[in-house]
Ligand SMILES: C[S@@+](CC[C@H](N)C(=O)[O-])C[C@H]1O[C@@H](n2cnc3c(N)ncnc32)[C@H](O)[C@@H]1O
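Only one chain comes next, encoded as structure tokens, the form predicted alone.
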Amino acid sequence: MLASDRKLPVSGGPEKRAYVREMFTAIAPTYDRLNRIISLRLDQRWRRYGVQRLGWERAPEGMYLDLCAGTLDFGATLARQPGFQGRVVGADFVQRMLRLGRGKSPRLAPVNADALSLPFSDRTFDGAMVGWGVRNLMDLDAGLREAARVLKPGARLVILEMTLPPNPRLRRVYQFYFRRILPWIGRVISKHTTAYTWLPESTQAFPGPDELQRRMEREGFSDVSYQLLLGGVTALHVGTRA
């Protein structure tokens, strides 16, 4: 277990990669439960909305990618849609997370893989989604570039990611919850000393929605737009592989 006073490597590089792998391996058994608690179950609603924006109906028998898949919740949300007859590949470099999620749908295919070096050919997937994962990448731009590489032209990428509310009053309330209450809940349930301190610190260091939109456009996506959810505690970005 990491010391609670450790300076967290939110800025990127190999230390960030190593920390993220260790952290998610440790908290995997309580991950789904904590997601429901700290989001008041809104995470499930937001995943459903993300799937709606994916446009999977254009290729219901296609192949889709759940990137930084964790316990495969986002992929399972797509796999359970009425009329969906395709496959969802869930890629994550934390094997323990994938093992815990593999039973969520028979249409899921978990693959232990790094988002910066995916073991898939160019133009393999009909769409891709990332649920609260791009913030944890060692190199955001490289991850977006790799996602673009494995998508077919015209395929959509949907990203759900934490952000900070633009309204100053709401931001203050949210920061209190984010920095004081959420880490305490996380420590009590997960028993990990820094995992739920990582969440607010990595969010603070992560590019805002406008900057993420620009980076998606720079790395191969067109028609990029975003929507702030619940006043801006989460943003949903959608882009089309050019």
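Remember, predicted model here, so these are calculated numbers, not experimental data. Each residue number is its position in the shown sequence, starting from 1.
Beyond what is shown, the protein has a form predicted together with the named molecule; the following relates to that form.
Novice: Pick the stretch from 166-174, 131-139, 79-87, 144-152 whose residues have a heavy atom within 4.5 Å of the named molecule in the predicted bound form.
Specialist: That would be stretch 131-139.
Novice: Judged by heavy atoms and a 4.5 Å cut-off, are 159, 216 and 238 together in contact with the named molecule in the predicted bound form?
Specialist: No, the candidate spot makes no contact with the named molecule.
Novice: Of 206, 46, 178, 31, which residue is found within 4.5 angstroms of the named molecule in the predicted bound form when only non-hydrogen atoms are counted?
Specialist: None of the other options qualify; the answer is 31.
Novice: Counting only non-hydrogen atoms and a 4.5 angstroms cut-off, does residue 68 reach the named molecule in the predicted bound form?
Specialist: Within the cut-off, so yes.
Novice: Looking in the predicted bound form, any heavy atom of residue 35 within 4.5 Å of the named molecule?
Specialist: Yes, contact at 4.5 Å.
Novice: Even though the partner isn't displayed, in the predicted bound form is residue 126 close enough to the named molecule, meaning a heavy atom within 4.5 Å?
Specialist: Looking in the predicted bound form, residue contacts with the named molecule do not include residue 126, since no heavy atom lies within 4.5 Å.
Novice: Is residue 221 one of the residues lying within 4.5 Å of the named molecule in the predicted bound form, judged by heavy atom distances?
Specialist: Contact check for residue 221: no, nothing within 4.5 Å of the named molecule in the predicted bound form.
Novice: Output the sequence-ordered list of residues from 17-34 with at least one heavy atom within 4.5 Å of the named molecule in the predicted bound form.
Specialist: Residues within 4.5 Å: 20, 24, 31.
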